[in-house]
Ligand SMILES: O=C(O)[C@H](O)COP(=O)(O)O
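Quick setup: one chain, the form predicted on its own, written in structure tokens, and binding and motion questions come after.
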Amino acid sequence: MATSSSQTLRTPFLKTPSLNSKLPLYSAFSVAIHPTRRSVKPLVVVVSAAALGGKPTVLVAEKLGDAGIELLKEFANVDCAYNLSPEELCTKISLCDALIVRSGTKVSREVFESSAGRLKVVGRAGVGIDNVDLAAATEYGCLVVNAPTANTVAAAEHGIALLAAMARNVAQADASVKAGKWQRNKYVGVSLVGKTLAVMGFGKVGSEVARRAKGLGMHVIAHDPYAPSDRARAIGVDLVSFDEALATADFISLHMPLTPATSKILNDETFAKMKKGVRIVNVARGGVIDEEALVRALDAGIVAQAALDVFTQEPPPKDSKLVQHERVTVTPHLGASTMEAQEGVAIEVAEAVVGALKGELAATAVNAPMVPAEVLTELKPYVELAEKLGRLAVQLVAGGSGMKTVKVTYASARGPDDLDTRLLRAMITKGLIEPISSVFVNLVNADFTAKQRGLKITEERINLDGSPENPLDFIQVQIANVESRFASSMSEHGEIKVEGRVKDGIPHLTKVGSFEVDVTLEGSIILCRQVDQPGMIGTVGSILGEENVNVNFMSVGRIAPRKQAVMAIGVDDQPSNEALKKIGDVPAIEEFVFLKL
């Protein structure tokens, strides 16, 4: 007999762990338990030293704004040593408690090894952390923090600067005049007023670009499958589909994160959908554009001009056809390069580093703090289940409807004091947010990140009778007030609903909407709603077999014999578009969706 509680679940929080716990984790949110490689000093040693008059040491390896340096000096001894070689950095790091870098310094595994456990926090003065080995940082008990908000306005202003410079051929005309020429007829530009700007990615920077473009008299539309429509309406922006944005825009400004889903999202196929003569601005990430395809689109006249601040390879090759193209304006990744933004970044990262050295949990942390080994051991398969249910649920949300309210339900025979769900909630948040953004979600920043995106996550609990040997019977994730790409995933109350269990240590998807299924959460999943009739499994299996796509699991849940059914197919590889089209063309299949895990 089960009893349900409709109150928001109140679970005890984990005690704040030392940032230098001896339990190593091989990646942010890794739950594999490994032998400790070395003992490291607990954070309290530094705090006690400071209390006795001693100060921790912070190494600043790249230029940081004066305001940030002064803030650091109030708490720590600051060593500013720029342009260190990898060998010099490894030599100095054993004497430092914190390290601050920008993008030019590689904080490799060797750096963490050389620190001999003393390094407690790495601060990245900026957003990207590609130059920091996160797995090694977490393994060696080092927190990594960044400065994700201070350069928002600077990036938006640079996007507008490139937009106007491109429209009026400023860079080309400047070079021409300096070469002794006077070519007024060659550099006739185009007006911005009355033109349609498509903002692709309506986050912090994208929305600031939209505000400024409206002030220039432009009609602004935006595409972001997960942006709340009311936020867009508040500044007079229409949210549209990806294809509509491409087809109607005179100018396109890119502000999306670089994820597997957005990598080379502008390619030969998408350029072909654009209005001829479109102009493109990119101050986001170079990898979202297929650069060779952009050159072809420029040569074909599909794209009239491009203005680029970021590139797939930075710096780009000197002989790059894209950089040298006469209708391309380029800058060397200057989006955050204003005096004000640099000072803001310096203060933001300095505050995060000082807070971490004081033992506080930083909201801008990009790797997880340590969690007790016994908790991780027991929750390991449920942690994986939680993240994958989040990933499945968010992919079922139809574009443009936004995601604001998520309810997580746990079914357990344990008492509230015996089941801490904070790690599970963080993993569900990670699954919901990371596929659609560039944010790194972890145990430290999960709640902060959800709140920042306007996402309300509530927890409920179903109390089960029986043995509390296992921590959970099932986890259920529901997203309210959205449209679904797969109508059968909607519950009887109109919410997207997915449910999963752990069986023999392996996460399984066990319910989609009202349909019972049973498929392992490995690889990727194809969900099909079909007429329940003989031969369907063989038909779909044959299509996948012809494409050499291996099926690892298949399950069918139905309402009643010969009525509707949902087939869940686990696949090891991503089927081609042609294979997916063939599945959709099967007469008995009413809808289907492909979901990547």
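Predicted, not measured: the structure shown is a model, and the values here were computed from it. In case it trips you up, residue 1 is the first one in the sequence shown, and so on.
The same protein has a further form, the form predicted together with the named molecule, not shown here; the description that follows concerns it.
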- Task: Check each of 431, 344, 126, 513 and return the one that places a heavy atom within 4.5 angstroms of the named molecule in the predicted complex.
- Result: 126
- Query: the named molecule isn't shown here, but in the predicted complex which of 168, 279, 333, 327 has a heavy atom within 4.5 Å of it?
  - Reply: 333
- Message: Among the candidate stretches 95-103, 137-145, 269-277, 71-79, which one is within 4.5 Å of the named molecule in the predicted complex when only heavy atoms are counted?
- Response: 95-103
- Non-hydrogen atom contact residue 285 with the named molecule in the predicted complex at 4.5 angstroms: yes
- Message: Under a 4.5 Å heavy atom criterion, is residue 489 part of the interface with the named molecule in the predicted complex?
- Response: no
- Would residue 151 sit within 4.5 Å of the named molecule in the predicted complex, counting heavy atoms only? yes
